[in-house]
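Given next, in structure tokens, is a single chain: the form predicted on its own.
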């Protein structure tokens, strides 16, 4: 199952006028679960203002939603989804097609927000997301370091920063054991021009490209906080805000937070750069983030949920929180916080590989990579074991014979 690319550039390609939020008073109980970062906090607060909305923000929500939405009735009215997390939900038939609800309540949304599968709207994209360079302009300038454009330059710059001792650690990265560490491998493998699968969907990572990626990941680990296996995006964001690191390759959705004067001790000193290149292409991926509605709820609850989705992205909400995300809804005006994401999109970063096999691969990577990072296994053994784990999981799911 493949998704069409929603380019970050689309965020400014349709800056149409839209109505500011009208009265969104809600009398039907709506329960939401979503990821936890500023854009979703903004949308949850907008929904809460309408009344009768309970929102659960959880950075590990993806681990819960399949079971929660399999209940009848569903434990939640709606959930946040991405390219990646939508696949198991759609394959399990847990989401409600939204065409009728969009026709009734979605007039203030932009057409580029409609994520269609087999011709049906299955999600409403709220914003585009990618991963790109964020750096302390003052530190690079003081040390005479050019802004890195690829991973080799990034590592060289980090080594100079480390030698100068001007911060606790030169870089930060979302390398928490599990999903995040696997995602780092995915991006770097794509950046090397790797293809995860052979024509018959058997794995293809135990090769020269896979070994090169692991070598780079091991080098990056020497330039980070030694507790890097617990470092997720929130961890790195706080490192940037507290002036503990000079550079990071971080999600675009964090760009506003790192320079927020209310949170950051170095606000205004962090500049957004493009995603970093591997040997073949940018080692970053384009994503959409948005909302889908549960199939196993009443029509009344689904209608209320749709109204809350629209309310969460009303033009006045977007204008008041412009830098929280690369919004796709009307009202967004790209500022300094969006420049890295736009440059990454302009550099034609690839999509995260959306097919039903990547979930098994991502899971196997998440379970197997830490053994290499801690020195318990060498690169070839690690990759061979990950391929074996992928084959076992794919066979259990009926994806391979």
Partner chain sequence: MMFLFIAAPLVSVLWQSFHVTKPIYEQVEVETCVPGLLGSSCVIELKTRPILSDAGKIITNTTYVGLQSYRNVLQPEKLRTAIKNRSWREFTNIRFWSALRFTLVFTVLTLPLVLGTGLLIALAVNNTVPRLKGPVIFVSLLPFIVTPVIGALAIRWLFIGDGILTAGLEWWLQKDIAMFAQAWTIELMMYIYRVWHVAPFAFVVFYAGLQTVNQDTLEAAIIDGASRWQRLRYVIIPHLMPLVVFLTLIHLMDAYRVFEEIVGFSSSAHVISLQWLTYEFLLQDGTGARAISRASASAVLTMIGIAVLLAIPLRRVWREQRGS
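The structure displayed is predicted, hence computed values, not measured ones. Residue numbers count along the first chain shown, from 1.
The form predicted in complex with its partner chain exists for this protein as well; it is not shown, and the discussion that follows is about that form.
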Please run the contact check for residue 374 against its partner chain in the predicted complex: heavy atoms, 4.5 angstroms, yes or no?
-> yes
Just to confirm, residue 357 within 4.5 Å of its partner chain in the predicted complex by heavy atoms?
-> yes
Answer yes if any heavy atom of residue 267 is within 4.5 Å of a heavy atom of its partner chain in the predicted complex; otherwise answer no.
-> no
Any of the heavy atoms of residue 370 lying within 4.5 Å of its partner chain in the predicted complex?
-> yes
Looking at 189, 288, 135, 291, which is the one with a non-hydrogen atom within 4.5 Å of its partner chain in the predicted complex?
-> 288
The single option of 221, 92, 143, 75 touching its partner chain in the predicted complex, heavy atom within 4.5 Å = 92
Looking at its partner chain in the predicted complex, do all three of 62, 177 and 397 come within 4.5 Å of it through at least one heavy atom?
-> yes
Among 311 to 319, 97 to 105, 326 to 334, 151 to 159, which stretch has residues whose heavy atoms lie within 4.5 Å of its partner chain in the predicted complex?
-> 326 to 334
